[in-house]
Structures are given as C-alpha cells and as structure tokens.
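Take a look at this one chain, the form predicted alone, written out in structure tokens.
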Amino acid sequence: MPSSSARGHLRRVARFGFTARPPYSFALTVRKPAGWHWLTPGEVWDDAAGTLFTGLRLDDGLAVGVKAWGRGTVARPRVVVEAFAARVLTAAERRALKRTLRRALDVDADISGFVRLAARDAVLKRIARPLHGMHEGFGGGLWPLLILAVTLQMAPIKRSMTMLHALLDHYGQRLRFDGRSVRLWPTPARIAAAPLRELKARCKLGYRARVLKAIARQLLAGFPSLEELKRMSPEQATEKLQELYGVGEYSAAMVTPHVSFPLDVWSVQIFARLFGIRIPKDRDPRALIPRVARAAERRWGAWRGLALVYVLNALDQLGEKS
C-alpha cells in the first residue's frame, strides 16, 4: 500500500510484517464486530482497504502512528505494519515497537484448541463460523486497559464510551499521518497533573476521576508492566493489580495478561442464561458471579477468556441483547 506524508505530519520510519499462526483474521482481531477498539478508541478503520490507522506510545514516551493491514488468508495469514513518528526510531525503539505489536496482534497464539472446542460446544458452535480466526488481540499497554476498566465500572456501555472519548478529546494527543488523524490516549503524567474538578467536569467521570488520578500516580511511581505481570503467577498478578487504587477483582480480571473471565452485573446474566443457570427474581445477579465463573472454567477451561470474547461479540446470533 502506498504511503504519503505532509508537512508537519509524522513521517514513515519503519515497515515490517508478521506471519500469524492460523487460523487468523486480521480484520476480526483488530476490529471486533461489537465495535471494540484495538489500541485506542480514537483509531480509524478503512473498511474498503481493510486497513487500520491507530497509534501507541513506546515506554520512552515517543508517540508512534501505526498503519496495519492483513494479507493472505485466514489459513495463510500475514500482517503488514507501517510506523510513523516525528523522528527516526532507535534500534531499541524499533525492537520494542515490533515486540509490542506482535503481542497486541496476538499473531503467535495457537487457537487451534479453541477451534476444536468450539466445534463441539453447544454455545460456541453457533457463533464460531462467522468469527473464525478472531483472536483476542488486546493492545495498548497497562494504562489504557486500566482506563477502560475504570470507565466501565458501574456504568452502561454508552456512558463509558462518552467518558473515553472525552478523555481523548481533552487530554489525549492527536497524531496525523498518511492523510489520517488518530487520537491517542492521555499519558499518566497528563492525568496525574489535571485538576480533579476539571477532570470531573470535562469528562463526566464522577468518582472515577479520583481513581484515575491515583492510578496514574502509582504507575508514575513505578508499577509492573504487562510483560512483568505476565511473568508472575495469575494469583500474584491479580494481587498486585489490586494494589492499584480503585481496582477490585473485576477490574483486575479485565486487565490481567493471564487467562480470566471477568463478569459484571450485565455479563453474568448473559452467561447464566447460556449455561441454563436460573436467576431468582429477588436476588442480585452479582451473587451468581462465582457460580457462573466456575461453570465457565469447567466448560471451557483455559479457553474461557477467548470464549467470553467470542460470546460478547456475537450476542445477536445468540439471541442476547447487547
């Protein structure tokens, strides 16, 4: 694909590719049917070209625009990436970028076991074919995942998205490259420095403004990265994440790099119905979270995290309301 630049815009500084383990669908992995973003809610998807324009920050703070598209087929997949920045990348930055994108694209994951499970599971086999090759593919690092987890606390999806986009509009960074404009997450330093009253008012965050400011300060003071959390045991990583202000069991399960099955008052009702678990009318659905989580582990084992992603992206096919 041709690349162009304009005065004042980021320029192309790298191009490389990844061969993914099949089955792998680039489009389904980075652009989920339910509308979930990949690296930032401010990214742009060109449906006609099958190309995503997005961005991220390296550990040293350098903002990088990312243009990515798929080649080949689900059975013989490849992803091509072009990177744009204000200056030439150092060798270390180039390695870090490739490592981050490789993880975020999930190109090395072998999901053949999940495909076999889905073929015989009564729930998954109803949705597996149209989603064939979809990987989890969550990227962007620990801080963006924490922002997402906090804005989803005690809020419907519509309000959460309003908060997310307000954060990007008022505190994020706009990247312009290859004729596109992408909004990047605010940095922890920007949120830590923002006046609490201003953050609340601009982004309609309520109590979450205080939570995000506290988490930002904790990250700036030194906190394990996703890669470091991955090297811990699942229990250690969960315990560590819950040291962050306002992060409880549900938010930690959303953020952890280990297999998890995060359930809230909305999703627990969906999975209870799918598993045939009755919810008494006079009982808080949240009380069923441990039971439903155990049922998912028995049924789907180590694939329960990916199963959750598939189900939540196919609620229409399953007859569930989003």
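One rule holds for the numbers: they count along the sequence shown, beginning at 1. A quick note: this is a predicted structure, and the numbers were derived from the prediction, not measured.
The same protein also exists as the form predicted in complex with the DNA; that form is not shown, yet it is the one meant from here on.
Though the partner is left out of this view, residue 265 does reach within 4.5 Å of the DNA in the predicted bound form, counting heavy atoms only.
Not displayed here, the DNA is approached by residue 156 to within 4.5 Å at the level of heavy atoms in the predicted bound form. Although the partner is absent here, residue 245 sits close enough that one of its heavy atoms falls within 4.5 Å of the DNA in the predicted bound form.
Proximity of residue 171 to the DNA in the predicted bound form: non-hydrogen atoms within 4.5 Å are absent; the residue sits far from the partner.
Here the chain stands by itself, but in the predicted bound form one stretch of 157 to 165, 73 to 81, 181 to 189, 138 to 146, 157 to 165, has heavy atoms within 4.5 Å of the DNA.
Within 4.5 Å of the DNA in the predicted bound form, a heavy atom is found for none of 230, 295 and 300. Out of the listed residues 216, 127, 104, 152, 152 is the one that sits within 4.5 Å of the DNA in the predicted bound form by at least one heavy atom. Note on the partner interface in the predicted bound form: the residue among 94, 176, 200, 240 having a heavy atom within 4.5 angstroms of the DNA is 200.
Contacts between stretch 203 to 232 and the DNA, counted in the predicted bound form as any heavy atom lying within 4.5 Å, involve 204, 205, 206, 207, 208, 210, listed in sequence order.
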